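Given as structure tokens, the chain that follows is alone and in the form predicted alone.
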């Protein structure tokens, strides 16, 4: 369960930034998670909730924005792969279809770009 180690890094970063800014509370955290990270958002949120107990981040709302990879072709074509926001592990077949996506312009295989992000976008704190 790598979500726990990811949650630990996120939590430590959030607390360090809150301490640097002499925050009295962390109100919310916004994360950007790529569709190809294989992070289970429910497990990540659970771990963050457990880690934040008895800290200034206890009860902070965690927002998650999912990022789909883009398909790029050497002919210059580039477009969002269009994976729905509710795709999950049970949809592995649809996720495997990424590897077989072809360019609608020239028919060559698309190269996937992005979708591996796990970024803390914003931290809302009270000072």
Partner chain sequence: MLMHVVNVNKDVMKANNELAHSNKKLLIKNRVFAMNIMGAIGSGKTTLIEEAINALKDRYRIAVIAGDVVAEMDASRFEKLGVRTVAANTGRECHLDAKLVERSMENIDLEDTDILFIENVGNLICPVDYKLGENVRVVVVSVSEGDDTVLKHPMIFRTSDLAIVNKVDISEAVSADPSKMKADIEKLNPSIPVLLTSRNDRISIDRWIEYIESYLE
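Keep in mind that this is a model prediction, so the values were computed, not measured. Only the largest set of C-alpha atoms that superpose within 1.5 Å between the two forms is called the rigid core. Positions refer to the first chain, counted from 1.
In what follows, reference is made to the form predicted together with the partner chain, a form of this protein that is not presented.
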*So, in the model of the complex, is residue 51 in contact with the partner chain at a 4.5 angstroms heavy atom limit?*
no
*Using a 4.5 Å heavy atom cut-off, state whether residue 27 contacts the partner chain in the model of the complex.*
yes
*Interface membership of residue 68, the partner chain in the model of the complex, 4.5 Å heavy atom rule*: no
*Answer with yes or no whether residue 37 is in contact with the partner chain in the model of the complex, where contact means some heavy atom within 4.5 Å.*
yes
*Any residue of 98-122 with a heavy atom within 4.5 Å of the partner chain in the model of the complex counts; write them all down in order.*
98, 99, 100, 109, 110, 111, 112, 116, 117, 118, 119, 120, 121, 122
*Does residue 73 show a Cα shift reaching 2 Å between the shown form and the other one after rigid-core superposition?*
yes
